[in-house]
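Shown next are two forms of a single protein chain, provided one at a time as structure tokens under the names structure 1 and structure 2.
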Structure 1
């Protein structure tokens, strides 16, 4: 249908519909629905993540975070990893750690030179995804992942195991705060894909029994450096 015709019809309908507007009270406080994180956001974040079926681990230093990550590499012994390029992961020495454990390391700079089919095949084949996050939301136990070159959306999606490492400065108390951050960065700069992840991939489609990992990662680990 022609655009003008379509919009004209909507314009007429919207105008006619104003006779039927509903009455809603006008004294709703600005922060209604704000839950917040309580006195200890990092602990709240971990608790919420565990409640939705994730495995959150609080650690006190980057040293300890590296050890926790190493332990996961031993537990899952993946052949290849799909990784974000992120300052926190660099500080942890991710590349060297993967090498020590004999895990193939795939990230943006290594994938970009490959032809598309080969790069895609590497992404599909990865057995673990290792990322940080843009923000972590304590109230809901979520990671906010804004995609850019180097922080691919597939790293937290294709492999059966996803490990994210976040630090205290990345934690915001409430969902409202996360959106305030996105707005502060300028809505016209919104990433092509921003995904909130709150738990391992789940389905309740069979008799409402919760089954994990049907499409996305079935194992979801978050290491929180407090």
Structure 2
């Protein structure tokens, strides 16, 4: 096929596709569809997370969150962990806790000096990922993860177990609120990637049978400091 003939076919296909463009109505109030989370967003968040196959745990203090994380480390006995660098995790003393349980831990700063093959091997060998979240959405029981240095997607995607720890200030009632927060941060501060996590990894590709843990973590724990 000649170049001009090929381009003509592309132009024709593009023109045909424009016949079915989505037209956005501008007469609908901006917050139509807003659900919110009721009087207790933390409890709503936990309930929605449990409803989609996660394991949410409400705790009343950072000390209790640390104890809950320690219980998970005993339960899963991971040899290595891939971790976010986040102020909440630092306040919990995550690095010291992992060392106490004999868990090798890797984060952005610890991986940076390694050559790429070695760093990739460390990330893929991690048996547990420990993160916080950018925002936790009570309406849907979702975590919004805005990727940035020290808060990479890999920690919540590669290991078979993902544990996230969030506090009350990170909980927003509705998905509308999460997007408003991203917008308020300014276009110049938008992350290179934003991921919404709702429950453990699921797929129905094979014979339409729902299977968990194929494309990501099969176990999803969220510790909520209310």
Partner chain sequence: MTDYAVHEHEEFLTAADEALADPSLQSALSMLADTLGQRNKDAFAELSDSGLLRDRARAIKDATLAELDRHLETLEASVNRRGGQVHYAADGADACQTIAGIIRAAGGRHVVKSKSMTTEEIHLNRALEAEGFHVVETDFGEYILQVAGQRPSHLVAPAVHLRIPQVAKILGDDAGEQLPEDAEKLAAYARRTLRKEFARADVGISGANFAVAETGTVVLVTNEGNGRLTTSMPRVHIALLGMEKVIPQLADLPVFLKVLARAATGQKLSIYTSMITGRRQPGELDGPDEFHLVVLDNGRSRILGGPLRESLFCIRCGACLNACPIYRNIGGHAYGGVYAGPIGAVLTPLYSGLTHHPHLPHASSLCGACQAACPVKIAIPEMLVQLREQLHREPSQANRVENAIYRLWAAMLRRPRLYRLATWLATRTIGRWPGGWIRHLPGLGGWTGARDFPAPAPESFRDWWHREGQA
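Take the two forms, find the largest set of C-alpha atoms that superpose within 1.5 Å, and that set is the rigid core. On a predicted model such as this, the values are computed, not experimentally measured, just so you know. Residue numbers count along the first chain shown, from 1.
- Only structure 1 comes from the form predicted in complex with the partner chain.
- Once both forms are overlaid on the rigid core, the distance between the two CA positions of residue 187 between structures 1 and 2 is 2 angstroms or more.
- Taking the rigid core as fixed, one finds a CA shift for residue 60 smaller than 2 Å between structures 1 and 2.
- The Cα position of residue 29 differs by 2 Å or more between structures 1 and 2 after fitting on the rigid core.
- Once the core of the two forms is superposed, the Cα of residue 7 has moved 12.2 Å between structures 1 and 2.
- Taking the rigid core as reference, the CA displacement of residue 207 between structures 1 and 2 comes to 4.5 Å.
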